[in-house]
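The structure tokens that follow cover one protein chain in two forms, given apart as structure 1 and structure 2.
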Structure 1
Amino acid sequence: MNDFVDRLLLQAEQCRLMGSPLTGALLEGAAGDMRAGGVVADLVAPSLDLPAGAVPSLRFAGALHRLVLEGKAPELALHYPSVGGTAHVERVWPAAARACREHLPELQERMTHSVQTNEVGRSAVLFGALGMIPGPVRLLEVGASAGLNLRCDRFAYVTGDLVLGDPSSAVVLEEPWDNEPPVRHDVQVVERRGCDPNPVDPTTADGRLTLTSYVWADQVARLERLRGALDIAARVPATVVQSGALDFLTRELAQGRDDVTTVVWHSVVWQYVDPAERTAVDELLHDVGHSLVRISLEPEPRSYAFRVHATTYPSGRRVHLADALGHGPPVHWTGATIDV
């Protein structure tokens, strides 16, 4: 139990550092309640054996948010900006504790679902990197969730007086880069495919609710980006299949195309992939005989830093393209380029 309390406190600190004092207060309150043998101890009892990589703390936060979004916790909703409330961080936990007691079995069931944070802000990384690649791109995403970032070229990126991407887009990323934009070519995505162990359908009511529940409720800009991306997903098709990374890439890369550059993209997902599968994917990409680029946004081990790397194949040349936050902006480009 003490280990789970520590996880809650660590995630609370991370949430605060990433601009969500409300989620930090919720998780800190849950840790204190659990330490005192309160309702949280009962709620998470079936989840105590979940590995840290399954982020049970964020499963808990997402389960509470879903209650609010479904209108089942009106008192708690008063503290959630996502539904028009005001984030009184010093008063949110008592209301959350009452919601936990009233909806204990439902919350326990929601804790069995994996976190699906299809963070649209990460498209600031992907679009910037794709702008270094000339010609049409075939985009393959590992851990795609609902595939929202597969539509990155349909978003607008505003930097000063310059608007890149789609100026009429429902998704607008304001000043996503803190130095000169790296885009040198028009971004042309001609194929969009992804995989996920538990894909979410963004065109359904349940899928939209699931994705919204995992966005921290006091981060209104992220919620607005998500809602815009859901609108785009209803009009711009992308295929996300239920599959692991190795099986998906083996099938897709067997269909080599000389008329496009194939880009394999993953963001904040590699930590969830089994180490043996990660090694097998690395070997597969090195063995591909046609033009291929791998772009990744992943956390550095044992730190809060997120790095953007690009690897070109078959040469295997790897460069550090940028630094970013876990949710994407602001992105700082290093000056390195992708040599296709």
Structure 2
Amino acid sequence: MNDFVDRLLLQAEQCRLMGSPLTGALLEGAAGDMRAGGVVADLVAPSLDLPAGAVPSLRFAGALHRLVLEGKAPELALHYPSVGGTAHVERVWPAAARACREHLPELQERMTHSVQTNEVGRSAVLFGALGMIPGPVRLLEVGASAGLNLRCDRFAYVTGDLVLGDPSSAVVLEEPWDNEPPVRHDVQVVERRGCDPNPVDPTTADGRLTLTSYVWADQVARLERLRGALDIAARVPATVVQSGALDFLTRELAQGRDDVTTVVWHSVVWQYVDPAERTAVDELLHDVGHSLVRISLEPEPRSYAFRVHATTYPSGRRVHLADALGHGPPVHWTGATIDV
């Protein structure tokens, strides 16, 4: 139990550092409540054995946010900017504790669901990289979640006086790059397919609620991007199949296509794929025999640095394309280019 309190406090600190004082206050309040044997001790009792990687603290924050989004906790909602409230970090916990008492079995059930996010800002990386590839692209995303980034060409990217992508888009990324990508072709995505072992359907009310609930409620810009992308997903189809990376790529890459460039993209996925599957995917891409490009945005091991790489096959030549933050912007291009 002390372990769980420590995890709540550590995650509270991380949330504050990552720009969510509201989630920080909620998790700190929950830690104090649990230490005092309050409702949180009962709420998390069935979840005490969850591994740290399952981020039970964020499951808890997401479960509370879901109640608010569903209109089931009106007093708590007053503190949630995601529904028009004002984040009073010093006063939020008592309202949250009352919501926990009123909805205990429901919150316990939600704690059994894994955290599932889809970060639209990462399209700033993907779109900039796709702009280095001439001609039409077949986009295959591994670990796509709800597949929102498969629609990256339908978002607007404002850079100086220019608007790239779709200027009429509900998703607007303002100055997502802190320098110019070295090459800029028109981005033409002609096929959008992805996989995820735990896909979310962004066209259903439940899928939209799930994705929204895991965005921290005081991060209004992220919520706006997400809501815009959910609207676009309802109009622009993309397929996300329930599958791991290796099975999906084995099926999709069985036949090459000469008329398009095949791009395999993944962002903040590799750490969740087991090492044997990672190696098998690396080998598959090398051995597949037809040309393709892999673009990745992944954290460097044991650091907070997020690097963008592009690897072209069959040569296997890998370049460091850019550096970014975990949620995408600002992206800094290194000047390396993708040779297709």
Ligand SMILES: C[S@@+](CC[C@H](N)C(=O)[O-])C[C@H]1O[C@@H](n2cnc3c(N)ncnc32)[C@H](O)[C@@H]1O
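Here the rigid core means the biggest group of C-alpha atoms that line up within 1.5 Å when the two forms are laid on top of each other. If you're wondering where the values come from, they're calculated on a predicted model, not measured in any experiment. One-based numbering along structure 1's sequence throughout.
Decide which single structure shows the form predicted alone, answering 1 or 2.
That would be structure 1.
Whole-degree angle by which the smaller rigid part turns once the larger is superposed between structures 1 and 2:
Relative rotation between the rigid parts: 10 degrees.
Once the two forms are fitted on their core, CA shift of Gly32 between structures 1 and 2 in Å:
Comparing between structures 1 and 2 after core fitting, Gly32 shifts 4.8 Å at its C-alpha.
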